[in-house]
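Here we start with a single chain on its own, the form predicted on its own, put down as structure tokens.
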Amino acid sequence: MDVLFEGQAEIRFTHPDDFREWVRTHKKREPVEKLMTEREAIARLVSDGDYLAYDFSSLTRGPQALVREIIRQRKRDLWVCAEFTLHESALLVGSGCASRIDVGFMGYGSYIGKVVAEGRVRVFEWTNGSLAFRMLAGARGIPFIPMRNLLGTDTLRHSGAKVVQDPFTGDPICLVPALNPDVFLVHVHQADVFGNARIFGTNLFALEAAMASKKVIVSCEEIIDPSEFRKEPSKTTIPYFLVDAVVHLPFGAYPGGVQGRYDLDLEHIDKVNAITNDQEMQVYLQEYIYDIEDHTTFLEKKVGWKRLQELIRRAAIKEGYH
């Protein structure tokens, strides 16, 4: 196939055979208990220079407690991938953890725009759909996957996609490279100690990303008995053999929300989005992350049960996922 056009972005690419060999060597099928603290999970499974992905946004079911722990442990030179990223991108960059970002949508606030303009973080533009397609290719063990919806856009120029001549129709077709992250973070409604996980409500590419990633950390609102997964296997979103760590983190998406559990805390989100410079960023990081021992302490000292109860009351869906 003739290459008609190439995007300008740098890409992280793993040969499908290399990824398959890594999985064969490191992933075990035996159901073993994987429950650990957020400190243990991040220390064991996230290394400097890793490509880090998560499947949802800052506002809904994002793995925010795990992101705070990454910052607390001062991981460095991370390449972050997210379809829809807001305040955690600013925090990861402001803390010096992230140096590159693949993103479908990034905003709010002026801080992230400022550091991007200054060249302190490299941002590569994709779309939500193209990142999902890249994960799908990674999960299926193919080097690329064709799609059409990047064609004719400026985003194509700033991505790492290629346009080739379709051998069947002769028309231009866009190819996006497979994505195989080093670590996938996902926050779910329910999990068991072996790693079986359930997501209720909107789900972007949780299963595909778990299949495509070398290591998977699941944080959950609730730990349930493994027998519940055997009773209703169709409700399993991610099977245990893809998962490397399970972390019990109620309100782990805060200040974002979780469908049917609690609403997002816009006041706290606005606090992060109001950060405009490095001094303000360091003040926030010190108060809400560096000086806080763990997620439980964060909820107790910086949020409080009264506020959490209010967010629970605000949730639009109260039940239906048990």
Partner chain sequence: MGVVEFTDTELMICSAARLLEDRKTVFVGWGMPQVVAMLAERLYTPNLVQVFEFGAIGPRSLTPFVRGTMGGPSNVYQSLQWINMNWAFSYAVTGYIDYGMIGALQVDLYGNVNSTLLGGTYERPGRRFPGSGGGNEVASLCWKTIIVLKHEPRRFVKLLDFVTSPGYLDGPGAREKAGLPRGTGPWRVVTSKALIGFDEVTKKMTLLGVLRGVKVADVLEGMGFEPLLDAKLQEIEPPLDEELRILRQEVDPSGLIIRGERMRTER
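Residue numbers count along the first chain shown, from 1. Predicted model only: the values in this text are computed from it and were never measured.
One more form of this protein exists, namely the form predicted in complex with its partner chain; it is left out here, but the text below deals with it.
Per-stretch contact check against its partner chain in the model of the complex, the hit in 92-100, 247-255, 222-230, 70-78 (non-hydrogen atom, 4.5 angstroms): Looking at the partner contacts, the answer comes out as 222-230.
Triple contact flag Met106, Val116 and Asp270 to its partner chain in the model of the complex, non-hydrogen atom at 4.5 angstroms: Each of the three qualifies.
Close approach of Gly138 to its partner chain in the model of the complex, 4.5 Å, heavy atom: The answer is yes: Gly138 has a heavy atom within 4.5 Å of its partner chain.
Close approach of Ala43 to its partner chain in the model of the complex, 4.5 Å, heavy atom: Flag for Ala43 set to no.
Distance check, Asp48 to its partner chain in the model of the complex, heavy atom within 4.5 Å: It does not: once its partner chain is placed as it appears in the model of the complex, Asp48 has no heavy atom within 4.5 Å of it.
Phe56: touches its partner chain in the model of the complex, heavy atom cutoff 4.5 angstroms: Contact check for Phe56: yes, within 4.5 Å of its partner chain in the model of the complex.
Sequence-ordered list of residues in 113-132 near its partner chain in the model of the complex, where near means a heavy atom within 4.5 Å: Heavy-atom contacts within 4.5 Å come from Gly113, Val116, Ala117, Glu118, Gly119, Val123, Phe124, Glu125, Trp126, Thr127, Asn128, Gly129, Ser130, Ala132.
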